[in-house]
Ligand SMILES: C[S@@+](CC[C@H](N)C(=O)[O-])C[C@H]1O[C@@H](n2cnc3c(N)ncnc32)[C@H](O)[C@@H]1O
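Shown here is one chain on its own, the form predicted alone, set out as structure tokens.
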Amino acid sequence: MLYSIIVSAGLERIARDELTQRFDDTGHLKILDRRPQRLLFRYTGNPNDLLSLRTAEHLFLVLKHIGKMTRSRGSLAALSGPLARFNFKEAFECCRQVGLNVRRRMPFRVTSRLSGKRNFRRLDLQQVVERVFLDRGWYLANSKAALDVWAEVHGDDGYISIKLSKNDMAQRPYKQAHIPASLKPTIAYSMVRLSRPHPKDVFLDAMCGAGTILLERALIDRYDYLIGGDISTEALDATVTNFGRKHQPRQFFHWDARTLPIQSNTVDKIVCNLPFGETIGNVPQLTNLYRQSLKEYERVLKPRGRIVLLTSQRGLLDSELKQRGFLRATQQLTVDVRGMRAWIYVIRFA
């Protein structure tokens, strides 16, 4: 079967790595294409396995992928024609495996998305696809639809897909307590992967917020010790709530990341969502925070340790890294964070 996953902009390569690491050895996976915010692949295993992907925002079963869409209205026939002749037997079995209630007279809805200049509207795309399914005897039921059909045209590509994941796929059951500007779990997971987790890690998030990064580290692999802290008691309360009694050994502190009560050369990995400009306030405050925090990170990190940082203040972080004698950025990824352009830095202790 043909599937696609949607990921946050900038995480496509990490998503591909996760897919390959988890399913390549099974012989069930063949990745076909990587596009902005989308991976297209064939998978012959149980689709329930794909619902546990931690980089994915949404999972789709692709009914039709047309790779030569044009601007003209006539290109809509390239989607509707093959779809009208589509044999749904295997697709319905896939839907049943993930718990969707498929039946002969199907209640459905169509979500349409369109990018680029076209001689047709998003509504035109939606109505063409709706007509195909209405002709099969299905009926529109937007509030209680059994199938959520997506019709998309991006660039030269057209996709008709069934959404297999629920709306909360990108969220996590552990997220019981939230704080403003809390990091999306898919980004936190990606940052943890970039730190190259090891079972012997002493792992630190010195500005832990609601504990998302720490929890993603706890779930990805074994570790020796988790350490988290924050200057906000509200954030620490959220971390404690989200952890509950699970994931030992670990310890949380109310502290200022500029003066960490941690011995030098004792931490293997540091992963942190640095405060952005609008969060912390004025530029002098932010500069002082970055400068002092990096100084502390350099002090507590073991030789050959690794730091992964997220920030929208690229110029500021670059400037401060130049002042640190043993910290060297080896990789930078541009990502979208709540509609804002940001960067993930991978930093080695040289």
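Treat the numbers as computed from the prediction; the structure is a model and nothing was measured. Throughout, we count residues from 1 along the sequence that is shown.
The discussion below concerns the form predicted together with the named molecule, not included here.
At the 4.5 Å threshold, heavy atoms of residue 268 stay clear of the named molecule in the predicted bound form, well away from it. In the predicted bound form, the named molecule lies within 4.5 Å of some heavy atom of residue 274. None of the heavy atoms of residue 138 is located within 4.5 Å of the named molecule in the predicted bound form. For the chain shown alone, residue 133 is not a contact residue for the named molecule in the predicted bound form, no non-hydrogen atom being within 4.5 angstroms. Just one of 258, 250, 118, 154 comes within 4.5 Å of the named molecule in the predicted bound form, counting any heavy atom, and that one is 258. A heavy atom within 4.5 Å of the named molecule in the predicted bound form is found for one listed residue only; from 147, 76, 206, 192, this is 206. Contact annotation: the named molecule lies within 4.5 Å of heavy atoms from the stretch 172-180 in the predicted bound form, the single such stretch among 172-180, 157-165, 195-203, 104-112. Contacts of stretch 224-239 with the named molecule in the predicted bound form, defined by any heavy atom lying within 4.5 Å, are made by 230, 231, 232, 235, listed in sequence order.
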